[in-house]
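In the form predicted alone, a lone chain appears below as structure tokens.
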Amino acid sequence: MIPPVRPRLTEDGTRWLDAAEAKVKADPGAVLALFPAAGRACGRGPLPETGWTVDLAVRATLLTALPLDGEALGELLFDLYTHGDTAERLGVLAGLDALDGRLGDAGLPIVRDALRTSDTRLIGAALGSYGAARLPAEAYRQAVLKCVFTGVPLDTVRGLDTRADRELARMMADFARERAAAGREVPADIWPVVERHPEVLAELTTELPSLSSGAL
């Protein structure tokens, strides 16, 4: 859900957003020039208690105004993502959740590209509700594992309540074994995933009793 951004805009910012929405509704290609300008026109400050910034919400709002669906929408979003800087790429990823019903799987190339980066902001954003719902099972598991490797907190990852299957728990357990063998700390946020599958947890804590979740 995109947080309401207009209450945080100046009069000039509101006029710019209104005009920009009208332009992209009339001509979807106009978004290519408007998207990079959102921060300059509307600001980049935080939206309190949302985790969003003004420019992020403005960009996502612009995307919802596009009069496109399916592959045509996916191709335009991928073009925006590919040619954008990090803030613009985050704007595209944030917009995917709001556009899910119109996109189908056409936004998955964007999610996969973000997951191939080393930028933890992009990796975390790729696992919003769109990516969490649309990624195939194996790709979702690998994405969650990459979050653990790169330090993206798992409490920001969507879908774990329904997609944390036994195979993902096993992968987390193997990761814990590798970290323990190397004398490195095991991230505490793997335990909610492992604990969903008591047999995996029991095997791990039997092998490595010092790694019980209660000890962390």
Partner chain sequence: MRIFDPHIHMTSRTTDDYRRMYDAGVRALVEPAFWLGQPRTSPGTFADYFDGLLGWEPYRAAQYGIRHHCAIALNPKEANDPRCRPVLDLLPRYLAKDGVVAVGEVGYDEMTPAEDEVFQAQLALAAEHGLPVLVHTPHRDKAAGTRRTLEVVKDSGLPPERVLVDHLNEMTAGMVADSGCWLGFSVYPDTKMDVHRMIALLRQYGTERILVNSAADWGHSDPLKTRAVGDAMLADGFTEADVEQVLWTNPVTFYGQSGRLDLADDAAPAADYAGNTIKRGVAP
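What you are looking at is a predicted structure, and each value in this text was computed from that prediction instead of being measured. Positions refer to the first chain, counted from 1.
Quick note: we don't show the form predicted together with the partner chain, though the next part is all about it.
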Note: the partner chain not shown here; in the model of the complex, the stretch from 77 to 85, 107 to 115, 132 to 140, 90 to 98 having heavy atoms within 4.5 Å of it is 77 to 85
Review point. Closest heavy atom of residue 50 to the partner chain in the model of the complex, within 4.5 Å or not?
Key: no
**Contact flag, residue 71 vs the partner chain in the model of the complex, heavy atom cut 4.5 Å** = no
- Message: Under a 4.5 Å heavy atom criterion, is residue 44 part of the interface with the partner chain in the model of the complex?
- Response: yes
Classify residue 177 as contacting or not contacting the partner chain in the model of the complex by the rule of any non-hydrogen atom within 4.5 angstroms, answering yes or no.
no
In sequence order, the residues of 92 to 124 that place a heavy atom within 4.5 Å of the partner chain in the model of the complex are 118, 119, 120, 121
